[in-house]
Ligand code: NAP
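Presented below, as structure tokens, is a lone chain in the form predicted alone.
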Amino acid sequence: MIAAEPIVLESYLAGKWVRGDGEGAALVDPATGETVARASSDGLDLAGALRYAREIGGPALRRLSFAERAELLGKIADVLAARKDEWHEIARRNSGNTPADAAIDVDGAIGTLKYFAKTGAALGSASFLADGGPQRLARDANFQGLHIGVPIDGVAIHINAYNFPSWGLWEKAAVALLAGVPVVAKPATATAWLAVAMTRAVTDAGILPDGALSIIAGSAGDLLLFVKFGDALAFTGSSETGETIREHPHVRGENIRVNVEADSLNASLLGPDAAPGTPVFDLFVREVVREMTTKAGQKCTAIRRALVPAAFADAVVAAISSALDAAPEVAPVVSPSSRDAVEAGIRALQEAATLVYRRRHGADEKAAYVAPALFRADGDVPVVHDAEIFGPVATVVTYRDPAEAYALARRGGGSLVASVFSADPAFLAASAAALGASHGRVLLVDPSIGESHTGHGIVLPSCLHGGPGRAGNGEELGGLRGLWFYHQRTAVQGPAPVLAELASRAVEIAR
């Protein structure tokens, strides 16, 4: 059988589909090593694309109300939902996704668009925000102040990660478009096929105003040289790259607002009451295994450290190992280079912690499969808490008492999520208070929600997604609070009737 020629991905810039110069970078099927697509942005006018989005797309979006912009999001969701089988097939071929993996990415993106379409519709005819009501500022009751947020008049530049090409595109774009800010998205080249194909479906449907949505297939090149005051940058990926973006001379010189969602050594904590044989013990084991195997562990929210009472460690290792043996074959990581990076991380971790489980396989050398690996460490083993291995790898870490457990969780240096499994309400509540300052989200699980919670690693549009410290100090989601990133908050002072009129035209959303 002769393999099909790789497709050539185009970029959508300044209202047109355009092809970059040269052969471009190869996008591969990680299950076979076959090149399925190529992408190049060489020679494209990125400065002109940003200018077009600012001058054409931005004003068109800001002429609409929140409800009108929300309606556009609903139409995008409908167009994408009608072709889900196509998106799942691209996710399989370019990301190696299993059907369940693809559903998280594709169906999750559509669900996020529908969420913001529904909640945005409730904002009605307003087109900007109010943070509270008018407040008296002086002895004269007529002199008052009001905090409002108006949409920034630049462009939202989204630099996205390779692991969720669909969800990463639409969860960011939904908030920006609802806020009235045009989007220029730069998906990670390795898995850009899905993001580009979805964008083409939306542009072909003619849903959005001209210039409201653009996409770059290929390298970002010198894109950051063309950002300017009024723009906003949102990045998802490694903390190293995030820091490079923050420290870019032009980004710093223009004081561009930047949101980063980066590395995260997330922890799941088994409570002292959750002995082997209890329902909550079984729920904990199931969650660790699910987070190791879903998307081949390539989730920024995946469990990297399983914190367990020292007395339960042997039972936890045995239970996780048994469950991994029974689990279906794990999908490949995104590329051979990612496979090599994960294997290098496993070798480094093996020098400091004990490898207690590894399921081998006989995959082709060109494929990007990584056998799941489980380690055990007692207490504060530095590499366990310092190095994120972005694949199907986790470490069981023992603790003596809750104080040590909380300290070990915080050793991650700031994380996106921690989960706590216990049947003790007091322990769960204490854990939330202890871990809240170092985690963007804390999931508390007892048997009453064991079968209904959405999972340690599942990000929901209604809740904050982001985290402090090494996780980036950003907030990608969080319900309609996320609109504030794309609004400039300003204090308006003046006569009470004028401020009352201004407040009546805004919609109040707490930050």
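The shown structure was predicted, so the numbers you read here are calculated from the model rather than taken from an experiment. Residue positions are given as counts along the sequence shown, with the first one as 1.
Quick note: we don't show the form predicted together with the ligand, though the next part is all about it.
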| said: Given that the ligand is not shown alongside this chain, does residue 383 nevertheless sit within 4.5 Å of it in the model of the complex, heavy atom to heavy atom? | reply: no
| Is residue 237 one of the residues lying within 4.5 Å of the ligand in the model of the complex, judged by heavy atom distances? | yes
| message | Taking the ligand as it sits in the model of the complex, is residue 414 near enough to touch it, meaning that at least one heavy atom pair lies within 4.5 angstroms? | response | no
| message | If we define contact as a non-hydrogen atom of the residue within 4.5 angstroms of the partner, is residue 120 a contact of the ligand in the model of the complex? | response | no
| Pick from 84-92, 286-294, 239-247, 121-129: which stretch has a heavy atom within 4.5 Å of the ligand in the model of the complex? | 239-247
| field | Option touching the ligand, based on a heavy atom within 4.5 Å in the model of the complex, out of 220, 428, 319, 371 | value | 220
| request: Sort through 281, 193, 162, 399 and report the residue having a heavy atom within 4.5 Å of the ligand in the model of the complex. | output: 162
| remark: Those residues of 164-187 with a non-hydrogen atom no more than 4.5 Å from the ligand in the model of the complex are 186, 187
